[in-house]
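Shown here is one chain on its own, the form predicted on its own, set out as structure tokens.
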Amino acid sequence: MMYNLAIIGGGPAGYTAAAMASNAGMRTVIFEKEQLGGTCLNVGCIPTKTLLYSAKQYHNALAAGKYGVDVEAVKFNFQKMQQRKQKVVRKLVAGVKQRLQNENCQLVAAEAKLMFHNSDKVVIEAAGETFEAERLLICTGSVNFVPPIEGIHDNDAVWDSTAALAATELPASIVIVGGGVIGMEFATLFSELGSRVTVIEAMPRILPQLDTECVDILQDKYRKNGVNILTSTKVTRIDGNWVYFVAEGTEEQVIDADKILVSVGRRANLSGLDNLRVEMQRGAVRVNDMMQTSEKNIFAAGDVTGKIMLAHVASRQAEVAVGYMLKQIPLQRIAYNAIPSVVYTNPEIASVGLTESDLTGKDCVLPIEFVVKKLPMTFSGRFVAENEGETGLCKLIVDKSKKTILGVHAIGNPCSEFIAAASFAVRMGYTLPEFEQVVFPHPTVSEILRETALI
């Protein structure tokens, strides 16, 4: 059988594309060598957030006295947390599989290897069979980047994020190499459950891509809560449970821990694509606005493109790619300037659009005069009611002359739940007067967006 579309990879990009294409009548086959849902559903977003929610529940129980609730002998069961995490993952994986079955999409549960491609067809080998298709969509995702640090390999004390999620026991102490999103979410998880946590970050600050002021608030809180954060610091080597590092302007130091989590980023997964002949860019598959590669019948979506490595970006890229194949009018493109992102620390940080750093200094990307409007989250009554002792921050970056909203950045729970409203404002180019006309329900924390716009 000649398929209209072959998809390699069953993560958010792959299963979104498969369901959409099949629903539109395309004969579609999708290959997944492990579990449907990819990294996000199995060893990333969902299991991490499930464990983080358990940790937050424990943390909230310990702090219940602030809200007039007396709780005695609070404790947690790490094994039960892990069991619940697996139950959540299994349920969601089953849901994805059922969705594809409902759309009559053929699933091949095996590793796929691209054997040949030209402008007319692609040939894929999987499970001892050969499959041909008119078009190929590459959704192979990404893998953990392993830095060239001596002693990192064949060391039982060293974890990557997948191993950390599968832990059967909570480490008494842990060193986290990398203060990015993954590293800081794990720092939240382990510190709230009582582990002694040290974060080592080579950059001058953790979460270097996010708003500086929001990150400073988070960093100060974590340090006050006992999380040891070492910035401008590089790990030189690892010896068993000992981590050797050099802080800027100092001599080599050493710290020991039960476990060492290395989370310094991810890179495109090109497994099975040895015969792929398309243009590459910085180790990833290069695509145009329609997610099309340099070969007209080969497309790519998700982390393998090396763009913004987020599950919701992957899903949207898949929709754009399939929409283009189906010649849907009007053709859709992705507004990368309006992609929301969330760091599920406690408190959360949510962000969309440009930061002050993007518009000033050596990191400036656009010569735009701007103004900053900001308020503590305590200007929201709902926030005060539910976040005893917290302050938080909401910040709007606004074009000085056009009054359009260029970026929104917030720290404080639950900013992850209303950042989409800010994303919409950035995507549609709302001006402050237009945004001020939006009615937010009261009392909600989301009102802070409008309150900030009004100052």
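Don't overthink the numbering: it's just position in the shown sequence, from 1. Keep in mind the model is a prediction, meaning the values are calculated, not measured.
Beyond what is shown, the protein has a form predicted together with a small molecule; the following relates to that form.
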Looking at Leu310, Ile238, Leu375, Leu100, which is the one with a non-hydrogen atom within 4.5 Å of the small molecule in the predicted complex?
Leu310
Among Leu210, Ala126, Leu354, Val264, just one has a heavy atom within 4.5 Å of the small molecule in the predicted complex, namely Val264
Gly141, Ala318 and Ala335 each touching the small molecule in the predicted complex (heavy atom, 4.5 Å)
no
When the small molecule is placed as it is in the predicted complex, which of 378-386, 170-178, 118-126, 85-93 ends up with heavy atoms within 4.5 Å of it?
170-178
Heavy atom to heavy atom, is Glu185 within 4.5 Å of the small molecule in the predicted complex?
yes
Does Thr233 reach the small molecule in the predicted complex, with heavy atoms at most 4.5 Å apart?
yes
Should Tyr344 be counted as a contact of the small molecule in the predicted complex, where contact means heavy atoms within 4.5 Å?
yes
Is Leu136 close enough to touch the small molecule in the predicted complex, meaning at least one heavy atom pair within 4.5 Å?
no
